[in-house]
Every structure is written in C-alpha cells, then in structure tokens.
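Only one chain is shown below, in structure tokens, and it's the form predicted alone.
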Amino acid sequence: MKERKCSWNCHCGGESTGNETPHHRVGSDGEMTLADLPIGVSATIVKVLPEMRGKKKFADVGLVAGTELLMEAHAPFGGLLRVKVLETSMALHRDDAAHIVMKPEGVLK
C-alpha cells in the first residue's frame, strides 16, 4: 500500500508528525485499514484479509465487506479500538483491525 498523508481533521491535522512517515497509512486509492482509521470518521469495509485470525467470529458480529461503521475511540496506549456497527459499539484489538481494509467516507460532526 503506497502511503500518503491523511486528509481528515484528526489530531495529526493531516500533517506528518516530524518523521518521514505519515500519521495514518492511506493507500493511493484512498483505502486504509481499520487500525489506521481516525476517530470520528465513518468508513465502509472493502474486504477482510484471509490471514486474519477469527475471520468467522467477526463475520458473525457484522464485520463483513459492505458494512458501514464509525470509529468512536482509540485506547490510550493503542491496544483496543471502539467502533460503532449499526446500533452496536464494540471493541477489537488493533492487530485484528489491521486486517480489515476500509474505504473512508468522511468526518461525521
């Protein structure tokens, strides 16, 4: 995935954090992983990568291609993410979220 700077109003402000790597990894086609989705941004799941452990478990709770979700929060030390799927909020590990490819839709206010 070729990287570019994020374009959302997140805490990084869409700028590099002083390093050469951007704060969020965004592909040239605008796709990113769920682990890189900024807080307050809604997105649609494009695909779940096959090497993800527990793929069926996440399909059972609605994390499948075509599902829209909203990133609600990141844990302070980066381990867990809270996402809203339909009317349910759920937490998942950042390692698992890195295997879910998303197409961001924009910032919800």
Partner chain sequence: MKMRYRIVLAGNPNCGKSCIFNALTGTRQHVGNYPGVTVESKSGVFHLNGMEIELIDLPGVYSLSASSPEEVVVFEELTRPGIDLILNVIDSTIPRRSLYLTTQLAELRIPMLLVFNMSDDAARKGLRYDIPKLETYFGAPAVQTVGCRSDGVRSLLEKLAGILENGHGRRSEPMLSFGTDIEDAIAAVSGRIDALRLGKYAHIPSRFFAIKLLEHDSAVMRMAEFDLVHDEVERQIRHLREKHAISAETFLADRRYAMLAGACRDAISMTQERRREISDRIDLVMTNKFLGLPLFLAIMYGTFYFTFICADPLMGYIEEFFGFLSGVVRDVWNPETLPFLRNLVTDGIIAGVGGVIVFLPNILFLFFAIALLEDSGYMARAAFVMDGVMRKFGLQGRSFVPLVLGFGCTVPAIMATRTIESERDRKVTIMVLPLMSCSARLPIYALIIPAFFAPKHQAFMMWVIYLIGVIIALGAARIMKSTLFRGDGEVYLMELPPYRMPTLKSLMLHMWDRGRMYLRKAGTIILFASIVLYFCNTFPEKKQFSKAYDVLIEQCADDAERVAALENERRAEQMEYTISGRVGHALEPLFRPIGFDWKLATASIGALAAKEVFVSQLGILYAEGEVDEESPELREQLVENYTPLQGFCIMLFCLLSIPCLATLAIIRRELNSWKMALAEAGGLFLLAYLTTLIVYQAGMLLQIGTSPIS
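Residue numbers count along the first chain shown, from 1. Owing to the predicted nature of the structure, the values given are computational and were not obtained by experimental measurement.
Below, we refer to the form predicted in complex with the partner chain, which is not included among the displayed structures.
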Review point. Is residue 72 one of the residues lying within 4.5 Å of the partner chain in the predicted complex, judged by heavy atom distances?
Key: yes
Check your understanding: Given that the partner is absent here, does residue 101 sit within 4.5 Å of the partner chain in the predicted complex, heavy atoms only?
Key -> no
Exercise for review: Look up in the predicted complex whether residue 81 has a non-hydrogen atom within 4.5 angstroms of the partner chain, and give yes or no.
Suggested key: yes
Review point. Which residues in 76-93 have a heavy atom within 4.5 Å of the partner chain in the predicted complex?
Key: 76, 77, 78, 80, 81, 82, 84, 85, 86, 87, 88, 89, 90, 91, 92, 93
